[in-house]
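Consider the single chain below, provided in structure tokens and representing the form predicted on its own.
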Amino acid sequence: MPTSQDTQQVAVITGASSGIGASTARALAAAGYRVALIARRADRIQALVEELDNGSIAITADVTDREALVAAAERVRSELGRVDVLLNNAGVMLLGPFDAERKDDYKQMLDVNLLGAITTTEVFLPLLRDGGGDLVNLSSVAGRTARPGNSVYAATKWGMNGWSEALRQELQPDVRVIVVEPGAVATELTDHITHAETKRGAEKMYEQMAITPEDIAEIIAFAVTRPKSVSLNEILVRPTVQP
């Protein structure tokens, strides 16, 4: 006879150590999910597991390391038994002028934002398909528009949107594909910008208008708890004052 833990829904979240990932973990836990928190910062996700105190687990892994993701999927299968939601949240926003000085930034954004999401999905898809789950991809307003200084970041998000739409058509009705496109959100994204002038400008803009990670987490939780006959495929969320 299945236990309540066997039937409890499970979410896997990458980039779960802070920002939208951590906030979504809390929102889904409040909705009754156990959560597999995947991130590089072991101390942060372990502290969050202890805070949630509901059978969730912390898995230290980098989304650019396929072997680590395979091991993570095996642990989820063994300890949690299923996957109902996969949130591809891990990402970096290394804005700045397009030139050779930032070639390492470009590679990191492509590896994490786009290839990381693709690889994570490829690894977890069998588990997600088993339960008829939801694939949630964190994109950005930059996946709809582009401007000077965000060319490669925008490329990763436009790529995320195109890939997600193709997957939506390919995986339906077994898996719902949901793309969430936030505008400015108060997370650590701006902390990692390496171009000093761009970093100052981004920080100033975010200080003036950014919404909270909890705002996005609530929307994600709402989307994945809709009846299976309803699919919120693309959700654009801006601060009200964002141009």
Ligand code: NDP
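Just count from 1 along the sequence shown to find any residue number. These figures come from a predicted structure and were not determined experimentally.
What follows is about the form predicted together with the named molecule, which we do not show.
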| property | result |
| --- | --- |
| Exercise: L95 in contact with the named molecule in the model of the complex, heavy atom 4.5 Å | no |
| Proximity of S164 to the named molecule in the model of the complex, heavy atoms at 4.5 Å | no |
| Heavy atom of K199 within 4.5 Å of the named molecule in the model of the complex | no |
| is_contact(T225, the named molecule) in the model of the complex, heavy atom dist at most 4.5 Å | no |
| Stretch in contact, per heavy atom within 4.5 angstroms of the named molecule in the model of the complex, of 99-107, 169-177, 139-147, 126-134 | 139-147 |
| Output flag, S17, A61 and G183 jointly within 4.5 Å of the named molecule in the model of the complex, heavy atom basis | yes |
| R66, R40, H195, R26 - the one with a heavy atom within 4.5 Å of the named molecule in the model of the complex | R40 |
| In the model of the complex, residues of 105-129 near the named molecule [heavy atom within 4.5 Å] | V112 |
